Ligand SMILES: Cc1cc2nc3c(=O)[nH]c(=O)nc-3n(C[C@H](O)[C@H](O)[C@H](O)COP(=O)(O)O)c2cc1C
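We begin with a single chain expressed as structure tokens, specifically the form predicted alone.
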Amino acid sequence: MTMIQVDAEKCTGCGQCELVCPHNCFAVAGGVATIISSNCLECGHCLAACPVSAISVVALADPLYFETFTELEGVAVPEPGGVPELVRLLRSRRSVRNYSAKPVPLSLLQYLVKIGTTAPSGTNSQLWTFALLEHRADVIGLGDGVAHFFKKLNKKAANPVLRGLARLFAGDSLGRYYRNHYKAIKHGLEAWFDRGEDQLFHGATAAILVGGLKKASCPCEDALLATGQILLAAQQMGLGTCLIGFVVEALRHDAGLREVVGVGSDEEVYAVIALGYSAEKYLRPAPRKRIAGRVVKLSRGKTSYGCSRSSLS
């Protein structure tokens, strides 16, 4: 099934979809955008960036827009007039994968960290940790360490003997990596080492590493909640952001890399945020997929609880 559809009569061949697509699904040929890959992430970047609304994404055809707020009638909220503006901010945040060379001031990064600490934390422990990469050179340095980690991992994964041993003694972890990530990582490493292309941080000029001390009651959840606050604040400040999961994975397993960025043995990094000024332009928010949720009603019987469910849609 084709996930992306392009209206050739509307398309002007501007190339915005080709620029913003994280999986390179588009190419402009003969003045019209064409789909060259089925590896669609269903993120909606193309749809949101297209200046003539020529693109649709099948999975996002039934969005929940929250255009009206009648569902809030009778609900006590501190500032009812502010809810639409909040939702507009939430809907406008995108993962940016093209950045300008303009640096992000250290004072702004520090301010974002302060905003991150407005998030709730388990048992109010507030045991977050933050590391700031202020300069593009620092970002590249971290990226180089991550690239070398995955170069070693790819070499192991390419060895069928090691994959066989991992199947017997490590729950097939190396085999799963080989099947799911090896090829994409191989292409990324070739881009990094051979062509000098940054497919990891996408040209971001700064980064924030968000972690937590292990002694916190729920350090992972705390860090991710703080990360969410930072992402939204950055959007409001005109900054682009993108979460870089590969860096988190490398830091989890590479002791040398942890030492480079100052991650102690008593802490863990749970999110890495690439930051910078976006070189992309979006004209509208992208729709979202239908919620896979349900309403649950519990009723207590004599000896147990009964449960009835209904779909949200």
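Quick note: we count residues from 1 along the sequence shown, nothing fancier. Since this is a predicted model, take the numbers as computed values, not measurements.
Separately, the form predicted together with the named molecule exists; it is not shown, and the next lines address it.
Quiz item: Pick from His135, His148, His202, Arg163: which residue has any heavy atom within 4.5 angstroms of the named molecule in the model of the complex?
Solution: Going through each option in turn, the one that passes is His202.
Quiz item: Tell me, which of Leu153, Cys220, Leu108, Leu243 has a heavy atom within 4.5 angstroms of the named molecule in the model of the complex?
Solution: Comparing distances to the named molecule in the model of the complex, the residue within 4.5 Å is Leu243.
Quiz item: If you check in the model of the complex, do Met3, Ser56 and Lys289 all have a non-hydrogen atom within 4.5 Å of the named molecule?
Solution: Contact check failed for every one of Met3, Ser56 and Lys289.
Quiz item: Cys40: heavy atom within 4.5 Å of the named molecule in the model of the complex?
Solution: No, Cys40 sits far enough from the named molecule in the model of the complex that none of its heavy atoms falls within 4.5 Å.
Quiz item: How about His181: is it within 4.5 Å of the named molecule in the model of the complex, going by heavy atoms?
Solution: Outside the cut-off, so no.
Exercise. Determine whether any heavy atom of Ser121 comes within 4.5 Å of a heavy atom of the named molecule in the model of the complex, and answer yes or no.
Key: Heavy-atom contact with the named molecule at 4.5 Å: absent for Ser121.
Exercise. Using the partner position in the model of the complex, report whether Ser95 sits within 4.5 Å of the named molecule, counting heavy atoms only.
Key: Output for Ser95 is yes: heavy atoms within 4.5 Å of the named molecule.
Exercise. Pick the stretch from 204 to 212, 164 to 172, 235 to 243, 187 to 195 whose residues have a heavy atom within 4.5 Å of the named molecule in the model of the complex.
Key: Looking at the other structure, the answer is 235 to 243.
Quiz item: Which of the residues spanning 119 to 151 lie within 4.5 Å of the named molecule in the model of the complex, based on heavy atoms?
Solution: If the 4.5 Å heavy-atom criterion is applied to the named molecule in the model of the complex, 119 to 151 yields nothing.
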